[in-house]
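Single chain ahead, written as structure tokens, the form predicted on its own.
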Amino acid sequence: MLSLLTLCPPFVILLWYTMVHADGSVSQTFDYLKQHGLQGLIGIWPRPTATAWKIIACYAAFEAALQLLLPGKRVEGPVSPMGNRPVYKANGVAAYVVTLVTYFGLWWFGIFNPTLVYDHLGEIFSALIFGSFVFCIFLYIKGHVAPSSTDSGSSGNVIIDFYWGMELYPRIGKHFDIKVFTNCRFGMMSWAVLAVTYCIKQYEVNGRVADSMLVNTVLMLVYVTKFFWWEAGYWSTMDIAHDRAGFYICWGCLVWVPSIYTSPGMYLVNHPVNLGTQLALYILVAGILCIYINYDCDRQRQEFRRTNGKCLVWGKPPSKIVASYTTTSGETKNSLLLTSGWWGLSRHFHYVPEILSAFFWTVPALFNHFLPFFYVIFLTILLFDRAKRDDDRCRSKYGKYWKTYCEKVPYRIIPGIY
């Protein structure tokens, strides 16, 4: 755990340096570090500049204002372990549209050139690394002195509390949810903004956008659009409903998502690949299909829960298990476990199309270098670990009912294999 705190920041910088200044070659960066050691790392580490801080501050303030001010439907999250039910304002789609229209507008009318973001990308990532670390310290202190709800507490270990977090639902005031901001409005929104930035940078450098970059950008934007369309469903997932606000989630969304998740597009800026119309269309259609299946998996389960199982799944009444569990307060409640449709194929089948989606928006870079595919590898490890953690949590929560569920849906992720 301590190694993650120390290794993640250098890796972000090394990835940026390799993509932008070392022609995407891991061996070239490795040889440089082998020759220069720690001083080499210090030498290539960009220093946060006033321009970088201004870009981050303006972006964060803009997204925070949209989160607070845009109208949205009132949505209730799942009941927490301590019996609290968080309330959200679902205005993610509106914030997403306003963000992209504003960004394009600033570029189109010559008010702000997005290439400035790319040109200062290393400094921005460096500023995010340090600024987000300070922000996580703030969350740790807040969890001790001013928790927002009873869903908070200390493990007794400073490092664990800092890494995993003190609070489940930290808020500033009554209405500004910190995890919605870090995970959705800063992290996921920056994914779309940077995807557009890389596309514009390649256009301004080369006078055209390669079909590989178009496929990458379109698929990323379709995926992020899907996310905000389904944002209310995300608030019931492990990230929001079970993982506390600490370094793992918040630093990850503030730094890791903008830098690592967008890295295939970062690579393509200086390495345009001409796929040809036919291959580009094949990849694009395959990627969109995977994104749709990923969305339909989540939609299917959300509809099943919303109707309390009184719906159709693939045209038939759903197969389900009624599972009872006991809350921390001693209250007995029931949950419905869906065992048909996508959720009858495996317990976490939705991870399969998600990993494939990432592969399809990365494969336009082809296979000249390994590094563009780091996100696909990282995502696979992340989701396999998340599936195991979710299984462990559900096994502890539902007991014999989860055993029955696993007998009916025996595969964890990949049907017939795992």
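What you are looking at is a predicted structure, and each value in this text was computed from that prediction instead of being measured. All residue numbers are counted from 1 along the displayed sequence.
Beyond what is shown, the protein has a form predicted in complex with a small molecule; the following relates to that form.
Enquirer: With the cut-off set at 4.5 Å between non-hydrogen atoms, does Lys142 touch the small molecule in the predicted bound form?
Expert: No, no contact at 4.5 Å.
Enquirer: Can any non-hydrogen atom of His242 be found within 4.5 angstroms of the small molecule in the predicted bound form?
Expert: Heavy-atom contact with the small molecule at 4.5 Å: present for His242.
Enquirer: At the 4.5 Å heavy atom threshold, is Phe186 in contact with the small molecule in the predicted bound form?
Expert: So Phe186 does not count as contacting the small molecule.
Enquirer: If we define contact as a non-hydrogen atom of the residue within 4.5 angstroms of the partner, is Asp390 a contact of the small molecule in the predicted bound form?
Expert: Although the small molecule is absent here, Asp390 would touch it in the predicted bound form, with heavy atoms inside 4.5 Å.
Enquirer: Considering non-hydrogen atoms and a 4.5 Å limit, which listed residue (Arg171, His271, Arg301, Lys89) is close to the small molecule in the predicted bound form?
Expert: After the contact test, the surviving option is Arg301.
Enquirer: Of Lys397, Lys400, His21, Lys408, which one comes within 4.5 Å of the small molecule in the predicted bound form, counting heavy atoms only?
Expert: Looking at the other structure, the residue within range turns out to be Lys397.
Enquirer: Can you tell me which of 210 to 218, 193 to 201, 343 to 351, 156 to 164 lies within 4.5 Å of the small molecule in the predicted bound form, counting heavy atoms only?
Expert: Going by heavy atoms within 4.5 Å, the stretch is 343 to 351.
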